[in-house]
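Have a look below at one chain only, the form predicted alone, in structure tokens format.
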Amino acid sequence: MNEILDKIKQKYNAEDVTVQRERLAFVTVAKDLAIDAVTWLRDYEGFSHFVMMSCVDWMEEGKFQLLYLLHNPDTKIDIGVKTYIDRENPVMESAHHLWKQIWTYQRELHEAFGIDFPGSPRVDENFVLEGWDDIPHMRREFNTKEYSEKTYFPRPGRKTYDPATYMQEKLYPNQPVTAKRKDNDK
């Protein structure tokens, strides 16, 4: 694996190379080199299996981190190619031409984070959230609690328990409870 990582460092000027464990490593490359690096790993180094694509929202730094995880079935090695894109204008070159299933991941990331992948099939169609009109739900500024409170009404008879009290009652039913239950009958 070290030989492949050295090649990636030289060929793509990898900024960060992390060996997570014996058969798993991650490299970070510039946005404009990421798809080329993934293509090179597939075509020249035997990483023929696309495992997954994911995203991390680094809101404080103003960027998204994209990850393409690839597997070499002959050597049983996994390499993750990471890149950063601007959070305010989240556009990344599509990789759907490399593996057909990538368009599904790109479509999901478009809906969840608002990342555009120009030319990717069906990227603008709803993926899971039909009729969604709020900010993308996986962005860190999306307030799940606030959204739930304005979208769903409280049901009568519904109670919220303090987790510590509830577990104490369940685990030690014969001992006095030290915290109190909250009833949310609004």
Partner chain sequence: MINKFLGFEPDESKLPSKRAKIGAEIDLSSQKYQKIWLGPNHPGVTGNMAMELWVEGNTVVKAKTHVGYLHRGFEKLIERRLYVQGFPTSIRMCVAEPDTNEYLIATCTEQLSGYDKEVPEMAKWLRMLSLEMARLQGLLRGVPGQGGTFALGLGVQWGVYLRDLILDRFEELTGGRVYHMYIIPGGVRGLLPDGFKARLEDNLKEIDDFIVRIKKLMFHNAVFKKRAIGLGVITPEMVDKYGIVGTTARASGVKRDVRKDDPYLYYDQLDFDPPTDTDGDVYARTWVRWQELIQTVDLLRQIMAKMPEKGDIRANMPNVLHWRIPKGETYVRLESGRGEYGMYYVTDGSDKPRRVNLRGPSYTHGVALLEDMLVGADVADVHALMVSLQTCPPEIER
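Treat the numbers as computed from the prediction; the structure is a model and nothing was measured. Residue numbers count along the first chain shown, from 1.
Separately, the form predicted together with its partner chain exists; it is not shown, and the next lines address it.
> I'd like to know if Leu98 sits close to its partner chain in the model of the complex, meaning any non-hydrogen atom pair within 4.5 angstroms.
Looking in the model of the complex, residue contacts with its partner chain include Leu98, since a heavy atom lies within 4.5 Å.
> Using the partner position in the model of the complex, report whether Met53 sits within 4.5 Å of its partner chain, counting heavy atoms only.
Yes, Met53 lies within 4.5 Å of its partner chain in the model of the complex.
> So in the model of the complex, does any heavy atom of Lys11 sit within 4.5 Å of its partner chain?
Yes, Lys11 sits close enough to its partner chain in the model of the complex that at least one of its heavy atoms falls within 4.5 Å.
> Just give me the residues of 20-56, first to last, that have a heavy atom within 4.5 Å of its partner chain in the model of the complex.
Residues within 4.5 Å: Gln20, Arg21, Arg23, Leu24, Phe26, Asp32, Leu33, Asp36, Thr39, Trp40, Arg42, Asp43, Tyr44, Ser48, His49, Phe50, Val51, Met52, Met53, Ser54, Cys55, Val56.
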